[in-house]
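The structure tokens that follow cover one protein chain in two forms, given apart as structure 1 and structure 2.
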Structure 1
């Protein structure tokens, strides 16, 4: 279809109907597991056994209560926030400052330093997760909130620096030149001029990092062996181990795990879209 095609022609209408039909079908495939999980979480145990794929055929809070009390999901929710929020803040702050330095500040070895940071995108976490375990244990940071937050932060810094550098690189140099003529310091240029201009990118990075850290399973499993600060991901895994037949409580635990992610994305989807679209246009 070209721009000059008549939008009211049968060919164009058939194309639009077919396109929307395909999108609707793919959307149903994507959201059906979520709908089924919600339905199963609020069913009675008998209904889950008799009619596992029936949607909203009964209603009960029993599964949610069992997951929240017996599975200790209330503590897991708090631990997930204690692990995800500080690490997200650290990633956004450090990545924004590093991206600005690599994009706008000329210093010796800037290119080499940047590519060394980018090695974090190339080296898999599995290659150094065991040495990191012994290093954290030697430093007394194993099974602690600061230790796990530092690990989660370091795993996101390479991408965050690369992402924010792209935004800072495309800002016009006349802005900082005019600010320097007016007597602004480097910190004032960064904080008052540059940061507001890349707020969409920082917001998108914050949402992306939060979702990634919230869903991280391996890092808490390895570096929180005591279980005191176990988040939802590892808590759901242990809950699953003892309830291979109780589908209802498992669905309720899964629902408790994904609700914060869905809420955060819905509330901040505008910032995410603006950030990634801005990066695409600038790049």
Structure 2
């Protein structure tokens, strides 16, 4: 813990070295499955049969090519974007609007409306996934992009609204009063003054929501059962069931599924963590 007596004393140095050793071993353990995926994905076919999980024992792109073409992972990548990007944009826009209204505007039924939206955080998706299936079928939205996008959006709205409302609540009231005196309309106050001030929060929400949508398994599994819009997660699952012997291409497919997540996470890890922290700690 906090040892700040004498920075060069042997005890302090031993503690430092020991701690870094433990941390390095533990972080290797944390990312070992990713290392295993990479190493298995880039193996030759022959090596996979003899030595399926040996680390970095051969190198070839053939598994990636097979996964991308025969395994349809190229299509799945596109579908994952088509499913996650529009719903992420919708979540951020709709949540920002609702968050502002719930934080700062009076309107009849605000209390009950807020409770109804927040109920979405308390009720697991499970509870209503089965009736939702028949409802979407009845509406002609089953197996369509708009259908699954609207469902993904709705599952993200409760958290998004809660999250954005917290940001709007923290802004000082003097701002809007000053703007009002200067003759700004209510819409201008919202759009020109308040929205720019919460853009960092909206960005964190966007990253967080994108990862959730990209990783979502159950929603596409249930509501796009046909092959046309199948994303990476359900594509990987079906690949697992259909060709469980071909470990090489399966590893390559897994790698294709997780690469965007890893890239987004490493580039934007501050925003991701902030999203979790604001959602959890601040709330």
Partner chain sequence: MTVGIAVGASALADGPDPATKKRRRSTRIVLDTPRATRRAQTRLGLLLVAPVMILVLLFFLVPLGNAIYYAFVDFNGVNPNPEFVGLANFIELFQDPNLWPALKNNAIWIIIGTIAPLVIGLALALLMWNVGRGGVLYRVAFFLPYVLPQVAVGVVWSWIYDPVRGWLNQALDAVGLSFLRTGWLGNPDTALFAVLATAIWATSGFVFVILLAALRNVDIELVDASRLDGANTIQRLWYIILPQIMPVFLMVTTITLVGGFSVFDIIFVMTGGGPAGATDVLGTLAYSEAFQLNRISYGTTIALVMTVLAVPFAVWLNRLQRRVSLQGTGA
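Positions refer to the first chain, counted from 1. Please read these numbers as outputs of a predicted model, since none were measured by experiment. In this text, rigid core is short for the largest set of C-alphas that superpose within 1.5 Å between two forms.
- Here the chain coming from the form predicted on its own is structure 1, while structure 2 comes from the other form.
- Taking the rigid core as fixed, one finds a CA shift for residue 259 smaller than 2 Å between structure 1 and structure 2.
- For residue 23, the displacement of the CA atom between structure 1 and structure 2, after superposition on the rigid core, amounts to 2.7 Å.
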